[in-house]
Every structure is written in structure tokens, then in C-alpha cells.
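Presented below, as C-alpha cells, is a lone chain in the form predicted on its own.
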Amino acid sequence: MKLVRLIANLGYGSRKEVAQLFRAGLITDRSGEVLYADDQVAHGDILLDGAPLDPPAGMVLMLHKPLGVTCSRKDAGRLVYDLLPPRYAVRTPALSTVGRLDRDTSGLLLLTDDGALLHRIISPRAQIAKVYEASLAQDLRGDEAALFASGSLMLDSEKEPLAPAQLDVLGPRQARLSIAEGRYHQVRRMFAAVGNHVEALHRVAIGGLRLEGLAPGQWCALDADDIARVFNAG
């Protein structure tokens, strides 16, 4: 792939705009040598105005999604893409969220431009656990863990019972819930089914990958070892 197309696909501008960056001598290798559009250079050795390029296609990001932010490109209000460099919203292939967290749920969110990886993570066959911590409006009554683990809990408007889920009690009104499904507002609806209400919900892990070291709104690129943790809960 020509360097002009590569850099344009990363969202740095149209091909015409990227060509102008080449003419201005802003695209160099790590030794400072000016590069030209037809040069063959490893991605990691290309600098734009002295800074390394963004990761190539296949990028995976971990974001600490704050409350009040929507996993969408078009909804009104703040969007998760507003937390990233603007060029990330126009990369080719497109960067997409791996599943969704609703506006009132915070925590670990993955984004990737690797469609095959995205579907591998969200596929029901993968049985990748998503772990949430919930603050509840009322005290737990004591039988929730057994009911959630039974595989018999039915949600309103659903035709199939939920798969077994693991509930750990953290306090009278605090719980950690691990689910391998992704039904609409599932965690909130599970607690509603036992007469409770979720006041705050935070996702702390996907598979073996935990949300650590990122404040709300912060993000980082994942390496191969990080991605492997998604599929290995340990």
C-alpha cells in the first residue's frame, strides 16, 4: 500500500491533504530522512511531524467510559468518539465499539477496527464473561445468587430464560455480576426481576482483561498480550 493511502486511511486527511504533508517534508523516517509517497517503510518507522503514526489497521483500544457518554456516532450529546483524537472517527476501516454500554453505565469499553475480532468477542459462542459492579436501591434479599445461577430466570418480554450468571455480594446493596450474554440492559433487568433497582452500574472486566490504570475518559491501545486476556479469564 502506498504511503499516501496508508496515512489517509489512518484519518490524517484526504489523499490530497496527505500528499501536501509529503511535499512539506513532514513525513520522515526515524532518522529524520524525508519520505516520499512510493517509499517502502515499516509502519513503526514512519513519523509525521516528528511523532509516530497511530497503530495500523487491527487496532484495539480500551476506554474507561464515563457516565453520560453514548456508544454511538450520531446520538445527541457526548459520544465515546469525542474522547478520542478526531482522526480516529474517520479511519478506514472504521473504528467501532465492541458491544455497547448505555449512557448511564460506566467502565471498560473496547473499540476496534478489526471486524473479525469484534464478532469473535461478542459472539454468544465465545462465552466471554462481562463483569459489572452494581449499586442497588434496596438491600439484597439473599436468594439472588442462586436464582441468577439457576439458568431459569426469565426477563419481561423474553421467550428464553437467561443463561446462568455468577453473583458475588459485596455489601448489603453492592454486588458484582458476571454474565456471558448481552441482552438489552440485561443487568438492570435482572435486578428488576427480583424487585430491585440498579442505581449505578460499572463494568470492570471483559474476560480476563480488567479495567486498571485509566481514569474516566482515558484510553490506551492494547497489545497482543492484552487482547489475549479477553479470551483467558484465568
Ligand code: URA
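Each residue number is its position in the shown sequence, starting from 1. Owing to the predicted nature of the structure, the values given are computational and were not obtained by experimental measurement.
Heads up, the form predicted together with uracil (URA) isn't pictured, but that's what we're talking about next.
Proximity to uracil (URA) in the predicted complex, taken as a non-hydrogen atom within 4.5 angstroms, holds for one residue of H43, H185, R176, R173, which is H185. The stretch that touches uracil (URA) in the predicted complex, counting heavy atoms within 4.5 Å, is 100-108, out of 100-108, 157-165, 140-148, 119-127.
In the predicted complex, uracil (URA) sits within 4.5 Å of a heavy atom of L201. Within 4.5 Å of some heavy atom of uracil (URA) in the predicted complex lies at least one heavy atom of Y132. For the partner-free chain shown, nothing in 58-85 comes within 4.5 angstroms of uracil (URA) in the predicted complex, judged by any non-hydrogen atom.
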